[in-house]
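Just one chain follows, in the form predicted on its own, and it is written as structure tokens.
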């Protein structure tokens, strides 16, 4: 194993450049899918005739497709329609659309977990449906979604590596270039990549646990 080439400053810099792209993609995809997923989840939970059915159609369609297919469609498919997004923007859009459908189901499950007795008591106190949703169901329901939501975002971070198939210069893509040039450095390079993924995902997991304890406490 060639650790010298793996830890060469030029190679490490190139790898870290890819790591920053990975973080950038993950940050924007997490932020956008969180917002969109909450909106979709609420729409489906409220069971409003039009919004609920449209949200359900979107969620069921997207979450039953493989992410790789969505990435292909977001990059190659849109070009067939004359929409040429930069590769980075294409991946952010694709991952946002895919993850928001999964987040929406997590949100809907969290809202459905709120005890019906509490909701009925709130309505008996004179709260409107919207007030009950805003002040009771959403705070309690969203609090319960923290563990599965974080697990989904950790999966998103790992799934950014799928964008290597459309040559996004993220960490896995850059690692592949390095070990193609220095074949004996393959294992050391992959170990570095694994460590970087682990540090980010484990840190996110720890932060979510602390947040959950703080909210519960």
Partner chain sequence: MGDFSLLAAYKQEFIDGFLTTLSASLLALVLSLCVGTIIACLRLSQVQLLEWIGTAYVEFFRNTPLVIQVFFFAMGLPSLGWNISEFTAGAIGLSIYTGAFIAEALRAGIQSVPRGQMEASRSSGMTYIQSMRYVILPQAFKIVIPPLGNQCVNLVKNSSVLAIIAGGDLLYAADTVSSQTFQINLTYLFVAALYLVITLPLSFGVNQLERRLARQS
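Numbering follows the first chain given and starts at 1. Note that the rigid core is defined as the largest set of C-alphas that superpose within 1.5 Å between two forms. The structure displayed is predicted, hence computed values, not measured ones.
Beyond the structure shown, there is the form predicted in complex with the partner chain, which is absent from this document and is the topic of what follows.
- Contact between residue 11 and the partner chain in the model of the complex is not found at the 4.5 Å heavy atom cutoff.
- Contact check for residue 179: a heavy atom falls within 4.5 Å of the partner chain in the model of the complex.
- Though the partner is left out of this view, residue 55 does not reach within 4.5 Å of the partner chain in the model of the complex, counting heavy atoms only.
- By the criterion of a heavy atom within 4.5 Å, residue 73 is counted among the residues contacting the partner chain in the model of the complex.
- Remark: of stretches 78-86, 123-131, 140-148, 110-118, the one touching the partner chain in the model of the complex is 78-86 (heavy atom within 4.5 Å).
- For the stretch 173-190, the set of residues having any non-hydrogen atom within 4.5 angstroms of the partner chain in the model of the complex comprises 176, 179, 183, 184, 186, 187, 190, in sequence order.
- The Cα shift for residue 24 between this form and the one not shown, taken after rigid core superposition, is smaller than 2 angstroms.
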